[in-house]
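Below you'll find only one chain, the form predicted alone, shown as structure tokens.
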Amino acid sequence: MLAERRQTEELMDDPALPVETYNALISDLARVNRLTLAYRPTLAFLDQALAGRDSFSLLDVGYGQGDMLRAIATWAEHQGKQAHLVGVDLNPSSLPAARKATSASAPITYVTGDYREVEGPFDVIASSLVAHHMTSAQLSDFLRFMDANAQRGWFVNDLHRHTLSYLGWPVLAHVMGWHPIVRSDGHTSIARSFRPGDWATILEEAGIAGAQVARWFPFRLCVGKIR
């Protein structure tokens, strides 16, 4: 049933979704990220890509409630690195939600719009749980954009399309009492996500060389490139 990526829209991507509902579900998504150790792969990548650097700039595409950027800001502070962090998200409802959840002193700027229109340059371009929302053409364009514009490297943090996670997610989501849309979309997200062989084909079709695909516990499949 998971041999190929499912081509199904997720409820959270509906532009008619009420703001209150969107805020509730991205708040729960941030909780999911913390529980499932979602920040570790991105921070480990930054450890390598930014080794020896005292400062850096980073663009996060599809920031949601901004929890990944907040984790990166905390990491940078602990590492003694000066960070210039920018998040861009197509959904205008993300902007007030992320700002509300973020300290005014954090080195983070949130904007609404197309990632291609954000003024750079950036040392690193990253995303988390965004790639599986894209069509094949959109993902190919995104990879080429990152490869052309990320000066130190780029990183895609996403899900592994795995039978155990697909079967286990509904149980976990029910036990944790997460928002009904999170429960539904989480299941769909797993079915829309990737396996290592998928990434090999996607990278080849996009003309991207030198990227590394890595599995992370629990059920994360990430792709990155360090220059």
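None of these values were measured; they are calculated from a predicted model. Each residue number is its position in the shown sequence, starting from 1.
One more form of this protein exists, namely the form predicted together with a small molecule; it is left out here, but the text below deals with it.
- Looking at residue 110, you'd find every heavy atom of it more than 4.5 angstroms from the small molecule in the predicted complex.
- Residue 152 falls outside the set of residues with a heavy atom inside 4.5 Å of the small molecule in the predicted complex.
- For the chain shown alone, residue 58 is not a contact residue for the small molecule in the predicted complex, no non-hydrogen atom being within 4.5 angstroms.
- Within this chain, residue 119 is remote from the site of the small molecule in the predicted complex, having no heavy atom within 4.5 Å.
- The partner is absent here; in the predicted complex, the one residue of 130, 97, 83, 86 having a heavy atom within 4.5 Å of the small molecule is 130.
- Exactly one of the stretches 74-82, 101-109, 143-151, 88-96 approaches the small molecule in the predicted complex with heavy atoms within 4.5 Å, and it is 88-96.
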